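One chain comes next, on its own, written out as structure tokens in the form predicted alone.
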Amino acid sequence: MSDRIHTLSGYFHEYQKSVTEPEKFWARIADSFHWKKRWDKVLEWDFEGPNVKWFLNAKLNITENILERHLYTLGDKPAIIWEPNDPEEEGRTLTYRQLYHEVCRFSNVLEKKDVKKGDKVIIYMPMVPEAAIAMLACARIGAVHSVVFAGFSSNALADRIDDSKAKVVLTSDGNFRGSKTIPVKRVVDEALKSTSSVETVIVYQRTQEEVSMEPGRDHWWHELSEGVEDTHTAVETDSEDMLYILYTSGSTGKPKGVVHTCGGYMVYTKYTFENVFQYSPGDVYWCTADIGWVTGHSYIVYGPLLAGATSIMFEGIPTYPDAGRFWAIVDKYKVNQFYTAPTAIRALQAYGTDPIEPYNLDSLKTLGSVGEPINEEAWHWYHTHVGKTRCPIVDTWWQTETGGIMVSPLAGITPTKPAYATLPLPGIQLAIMDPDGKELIGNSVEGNLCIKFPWPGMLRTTYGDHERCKQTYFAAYKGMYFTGDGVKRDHDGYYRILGRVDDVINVSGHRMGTAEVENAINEHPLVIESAVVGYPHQVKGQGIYAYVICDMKNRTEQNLVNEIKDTVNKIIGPIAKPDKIQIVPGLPKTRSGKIMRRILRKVAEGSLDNMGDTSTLLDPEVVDKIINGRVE
């Protein structure tokens, strides 16, 4: 834990060192890991290429730094605590020693199925320990895992299999999610009808559903694992060998396969985990994400386990069997750090505080937020009712592409400010750029968020299409990584993420962050959630179109619309008042909780003929409902 920052002055000291001597700084952090061979050079980079390499020619296996490294000191400590979907079902705990043996056993299973270093393995599984075991077994044998959230459609799964040319799919008979049982094996079967690269499907038995098993191709996990040796010698990988591919939605076209490599990602996830959450030995940490998303990769599996932490995996949803489920789990396991998404917070906020009342939550030390900027109202609700005003909130900003947290308070160290991600982590050199490519220096500025120096956890390419990586992330501003997000640096030098740059609306020459307008709308007591987009306006250039989910208590729609406009008028001023407000039953969200704003933009501007790919939405039907209720 020698790399833990303990004070605000310590943060500034470390940050300064990381900027003035970045290679020396990261070499020091990397020195605490086990390397089979040390690096010849810390960093080689060129953002024009782009070409980034960290810890050149170093040899390692990331799982040795999770398993062997902790075996003798933490062997009996819980590594993963699994909480099932149904609270009546018994959970499971895997100690570091048990995890070691399970990962070794499944590594042997994969090798027996002819999976070799560099082969691609799709993991399409429920939130069970075996999903984490599968990821680590792939990493141990040098195979490349690509986790696909097990709620994606067969088409979306087939696209990812095709793009990665996966050799193996790991799945389950079915998944439990709330009161539903989802037949995921059927989805895999459907996807495989249109793909040709998969040779082996391994099926974990979770729901005991009847499933069809194709002879020669399909195998039961438990049958393949019977009698298999539970020790395994980890394969040596290069620091820049691929660790995983994770697909992220592009605003257009097919999903992008973001590539992360072994060495830099290992160093960055552990360092950020320990510092942002201020994890101490013996703490119990819980990130509520699914491992299908980068948050699950970096902050359920790799970051916490590299740090020797106890990480909770939760199979269920926040509202099953009731809206107190999160808080029941916090009390049950005496959770110290709790990391969730604003979407979940707002969903629970809609139930009021009654579901929280039965729980004392006194074990909590740190609350975290991830996935989107958290609006002020949700921040205050979270802080007051969950954290009892004594837990710092780490409002973390980062991306699939960054591999780990980039801008965030350090829990209990950085003074927080609602809706602000505050300050960059050591090693992260931010630049705020204006549309003409000029860097905006000083405080009280607003522009596009770029990063001007590499960090170990960053993406190396988009799989099979390096040019796409270049055009998406490195072409907008010469010599910089462009995040696609707008940002404001306030008078204190704190950073506030304003959402995607195309989510900034220019109304009569005034730049308006959609998050800012949404925060104001959400202040209305009957508003549950809102999403704001710009649309072409004859007079103002752009008008503001708001989609709002409301509790319609004793109000006509028109009354409510007028009240919301008044609320925005009061909080920001008439310039931000939405021109059109549509009361909607739901918003088009991806399964990670992100609002697909391109759909909302198309509806707002009346381009209703082609909505693009909606297969990755949590509820594709909500799009038709929004179109039908469009405000002219």
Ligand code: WTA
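Residue positions are given as counts along the sequence shown, with the first one as 1. From a predicted model like this one, the values you see are computed outputs, not experimental measurements.
Only in words, not in the display: the form predicted in complex with this ligand, which the text now covers.
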Q: Just one of 391-399, 463-471, 306-314, 89-97 has residues with a heavy atom within 4.5 Å of this ligand in the model of the complex, so point it out.
A: 391-399
Q | in the model of the complex, Pro373 touching this ligand (heavy atom, 4.5 Å) | A | yes
Q: Answer for Asn522 alone: is it within 4.5 Å of this ligand in the model of the complex, judged on heavy atom distances?
A: no
Q.
With a cut-off of 4.5 Å between heavy atoms, is Thr366 one of the residues that contacts this ligand in the model of the complex?
A. no
Q.
Even though the partner isn't displayed, in the model of the complex is Val103 close enough to this ligand, meaning a heavy atom within 4.5 Å?
A. no
Q) Which residue, Leu110, Val184, Leu459, Ile497, has a heavy atom that falls within 4.5 Å of this ligand in the model of the complex? A) Ile497
Q) Among Cys550, Val335, Val294, Val487, which has at least one heavy atom within 4.5 Å of this ligand in the model of the complex? A) Val294
